[in-house]
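This document starts with one chain, in the form predicted alone, laid out as structure tokens.
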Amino acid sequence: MHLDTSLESALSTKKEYLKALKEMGLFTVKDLLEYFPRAHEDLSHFKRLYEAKDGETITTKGFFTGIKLSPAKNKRVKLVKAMFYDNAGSACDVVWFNQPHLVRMLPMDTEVIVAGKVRFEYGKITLVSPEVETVKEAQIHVGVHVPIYAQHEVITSKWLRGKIHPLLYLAKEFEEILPPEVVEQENLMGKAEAIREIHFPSSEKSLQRAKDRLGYEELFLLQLNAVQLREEWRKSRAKDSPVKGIPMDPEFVKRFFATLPFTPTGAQKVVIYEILKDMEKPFPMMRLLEGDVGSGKTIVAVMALLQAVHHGYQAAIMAPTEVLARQHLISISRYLEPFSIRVQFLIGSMKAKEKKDALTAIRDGSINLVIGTHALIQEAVEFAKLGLVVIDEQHRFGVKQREVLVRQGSPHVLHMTATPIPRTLALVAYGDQDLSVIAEMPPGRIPIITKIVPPEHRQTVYRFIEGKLQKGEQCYVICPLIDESDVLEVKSAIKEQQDLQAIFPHFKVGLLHGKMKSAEKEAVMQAFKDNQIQILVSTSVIEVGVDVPNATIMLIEGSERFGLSQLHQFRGRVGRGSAQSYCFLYTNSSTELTFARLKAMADYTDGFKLAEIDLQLRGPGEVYGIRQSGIPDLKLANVMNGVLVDRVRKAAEHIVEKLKDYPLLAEALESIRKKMEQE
């Protein structure tokens, strides 16, 4: 048997179990051995019964006697009872619920290890539903650090332990893909030993070393892939490309600043300098600009776009939706007024004649700046001399999009996001890009007052909103779903609009959701901007880009269903004018995790602080859509350890030039790359 042996051949089990394994994505012995435990329960410390305390879980050795089925008050409950004597001679009752098969399966007169919860009643000790295993050379269910696996409807953690343990001898076939110097420098456990120890650790220390070793490999492969992507992008510009380094012109920067009705913040100036210095280099820039809602990313983008146009290049800014693209057109055009810039708007829903004329003007170079959606990087779009592309809220570029940009001469690329991403996670998820952060807000912004609203206070909030509407202010209402869902039990946007129209009969309640056509969305948003709609009910389509200074209230239904970062994005839709703004978080949940997350929203207005809290509470995959971005699941890697992430990054940068010397590593890297491209 080998690692590539199919589980059908390797396991003697029922077809329903094999089917379940396939549903879990497990097909070979290698897959099964790489199905790591989600946790471990330490049942390795033995106690005698007389040392036990009420309510604790203990592990002890001894013998069973008198195992029998016993009647219960509730006839539907089947009780199995036994007497247990530990090796010190102490006795206790043992009870199991609805497991009648134990009567014939529990060993009598054979030494066993039991692990279960202790209950003191009427001066007697009872062990409740303990785990039992006969004493043998290698324990797998009790008496050790017991691995706990993510389960399936059919497959239990206990079943997995029983199947994985006999196959662990094949761990020796796992080849070491990390370079020897990295293993030595980082004092890492060997791959084969780490696989064995992650499942059935010999000690707490060995378990931690195994986690560190396997987590390091996950991070290393991701960072190596990112560094390699960055190097490939930097080398993508052909020698005969019309795009070259764009020199920074300090006088032009001063001239732009002089046209602004405000003074840029220190953080904005630092980031502008980083970007313009990057654009000077002979290789194309790939940079991610992070900035909280309202931190002034648009000014930074405009400066970079103007710099490219000033030096005779074309520039483009791309948004994920037509609503946001149009918003950029309006806001950016204001800053361009003092300069002679020819701007073209390009979106998918344009009429054929309009689009044809636009494509011709872009191709012949008579257009300086193009603002639009992903229509900008379609095959038919051909720029005369594209020097810079700014991409809003699209942090990861796939292979096909990069190929399109290479055909356009490999321009400089600046990604922007209003979702604050902790630095360590950004290095992991978007490590092929350099990072710039605007961590300072412009002065004079009034903090948004945020309140958690339980069901009993709903009417009070409605009365408050009515008072604000009567003063001419406006309100957003965010719903998690478009249609009714009995399963999720949250209000739909459609029903919410109907309910609110009945509650506020003297005001117009509008509706916005992702299933609407672009023209409908545009019409609704324009009506809201013009205050023809006073309350706008929306799904998460409202998350980015919409700017209505008169909107002062954000009401979020089912707020526990959104992550902190997304809630913060929603909240950023208000507070854009001079009036005090409010955010109300409706929730029917009273769980500890929900309260912790929503309280953080009420306590903090700093998006980066909230991002750190969200990362700690929910993990990277849930928080930042790492799965959606194409990054494989991180099973063991600790992305919150900044020192470790930096060390892994440096090691990857050192190895990338010598990758051909490590064929196994190159093969693993290619496998990671293919997975990311498929997702």
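Sequential numbering from 1, following the sequence displayed. Treat the numbers as computed from the prediction; the structure is a model and nothing was measured.
Just so it is clear, the following notes concern the form predicted together with ligand ADP, a form of the same protein that is not shown.
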| query | finding |
| --- | --- |
| The single option of Ser540, Thr298, Thr373, Gln474 touching ligand ADP in the predicted complex, heavy atom within 4.5 Å | Thr298 |
| Ligand ADP: the contacting residue among Thr265, Thr419, Gln497, Thr587 in the predicted complex [heavy atom, 4.5 Å] | Thr265 |
| Distance check, Pro247 to ligand ADP in the predicted complex, heavy atom within 4.5 Å | no |
| Contact flag, Phe504 vs ligand ADP in the predicted complex, heavy atom cut 4.5 Å | no |
| Ligand ADP contact at His145 in the predicted complex, heavy atom, 4.5 Å | no |
| Proximity of Tyr335 to ligand ADP in the predicted complex, heavy atoms at 4.5 Å | yes |
| Which of 147-155, 201-209, 265-273, 72-80 lines the interface with ligand ADP in the predicted complex (heavy atom within 4.5 Å) | 265-273 |
| Ligand ADP in the predicted complex - contacting residues of 206-245, heavy atom within 4.5 Å | none |
